[in-house]
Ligand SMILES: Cc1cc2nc3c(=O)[nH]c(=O)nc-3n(C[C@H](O)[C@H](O)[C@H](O)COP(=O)(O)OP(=O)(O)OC[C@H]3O[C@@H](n4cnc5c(N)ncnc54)[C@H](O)[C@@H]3O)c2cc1C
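Shown next as structure tokens: one chain only, the form predicted on its own.
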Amino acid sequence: MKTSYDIIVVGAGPAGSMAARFAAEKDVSVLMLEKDRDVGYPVRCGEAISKAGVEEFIPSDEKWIAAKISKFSFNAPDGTEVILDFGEAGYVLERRIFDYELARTAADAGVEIVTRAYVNGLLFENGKVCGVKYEHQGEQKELKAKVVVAADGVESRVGRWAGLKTHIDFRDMESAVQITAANIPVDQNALYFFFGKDVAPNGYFWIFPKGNNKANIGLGVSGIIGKKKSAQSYLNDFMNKHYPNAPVLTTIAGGVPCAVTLGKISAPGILLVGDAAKQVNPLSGGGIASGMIGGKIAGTIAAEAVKMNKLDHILKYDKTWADRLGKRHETFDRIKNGIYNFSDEKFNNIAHAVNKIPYEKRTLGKVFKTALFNQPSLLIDVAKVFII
């Protein structure tokens, strides 16, 4: 290893790997540090992503596709099901394999990768971040860098050490829990969403198939709801009612930021990407594709700054991200706030109304338009992001 690098990326998830890869492709030296022993572990994700979201970065490959998704199933509190058919719209991933492949593409571009490297501090020079402190194989080490990219997840200690405000209001941090279970007899080409006060108040419940009758089953509820009744309790209630004998293969839990991007995601010497920057779709809670986009933007801008020998160039990152996805996420956040407070009766009425639309004419845009027909300001937001 060298004693210094042009760019050091902390965290080897999808956002970190893409930041590292796109920087290295511009012929600068890049090191990626991952605290866990394996890239892609542990998995804390529903694992669903659009096909387009994948193929902007890597060709689709059967080895990391658990299920191919062509339909959405929306389920109202009274049991009414609304089905939307999209053709081949997306995938449920095997994240362990997918993340590994993303990191491999970074390595192919020239990125050096070190696992079990626990970053525990930053280096500063004249008030600017200029490297990292980390522990590896029992030794405390330091490395200089012209730019540090923090891809260290929702907690983002690295961003906090740099003086950036990385926390969000607890009401925007959803309490989420998910199991992977076997013997779940659902359509393996459909994503299932359930709404209502008994399954996921101020949020939604999901079943995402993973092939061979396995599925990721979970929910996210707002921080306010989670204080009254835990997400785990809602999950237990659902499983006892619908799949009481299903073997549980894995269980994960944690916080999912369902808010707009942080107000500031760059500072002298440092950029935040992925969950660290809260680059998550606030409506769905999905963050794989948007994190990769954030990583690509950050890695590209960081490398440009190094090549130009003009490190302040990285401060353009905030606006570039906002123009690509940040402003769109603000729109999704307004839609989310309009929907998540619906009563069970409202959800039922929406499902009944959508089912009156001929099957072949149903679109996601029409579903939202039906849901928000009494809320003109939100209809404008829907028109901005959906073709209706």
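Remember, it's a predicted structure, so these values are computed and weren't measured experimentally. Sequential numbering from 1, following the sequence displayed.
Below: the form predicted together with the named molecule, not depicted.
For a residue to qualify, one of its non-hydrogen atoms must sit within 4.5 Å of the named molecule in the predicted bound form; all three of K35, D152 and G285 qualify.
Among residues of the shown chain, A176 is one whose heavy atoms approach the named molecule to within 4.5 Å in the predicted bound form.
In the predicted bound form, at least one heavy atom of G254 sits within 4.5 Å of the named molecule. The closest heavy atom approach of G159 to the named molecule in the predicted bound form falls outside 4.5 Å.
Taking the partner from elsewhere, A19 is found to have every heavy atom lying beyond 4.5 Å of the named molecule in the predicted bound form. The contact with the named molecule in the predicted bound form, taken as any heavy atom within 4.5 Å, belongs to V119 out of A145, I265, V119, A215. Contact with the named molecule in the predicted bound form, defined as a heavy atom within 4.5 Å, holds for exactly one of I301, V280, V111, V221, namely V280.
Only one listed stretch (310-318, 74-82, 241-249, 205-213) carries heavy atoms within 4.5 Å of the named molecule in the predicted bound form, and that stretch is 205-213. Heavy atoms closer than or equal to 4.5 Å to the named molecule in the predicted bound form belong, across 12-30, to the residues A12, G13, P14, A15, G16, ordered by sequence position.
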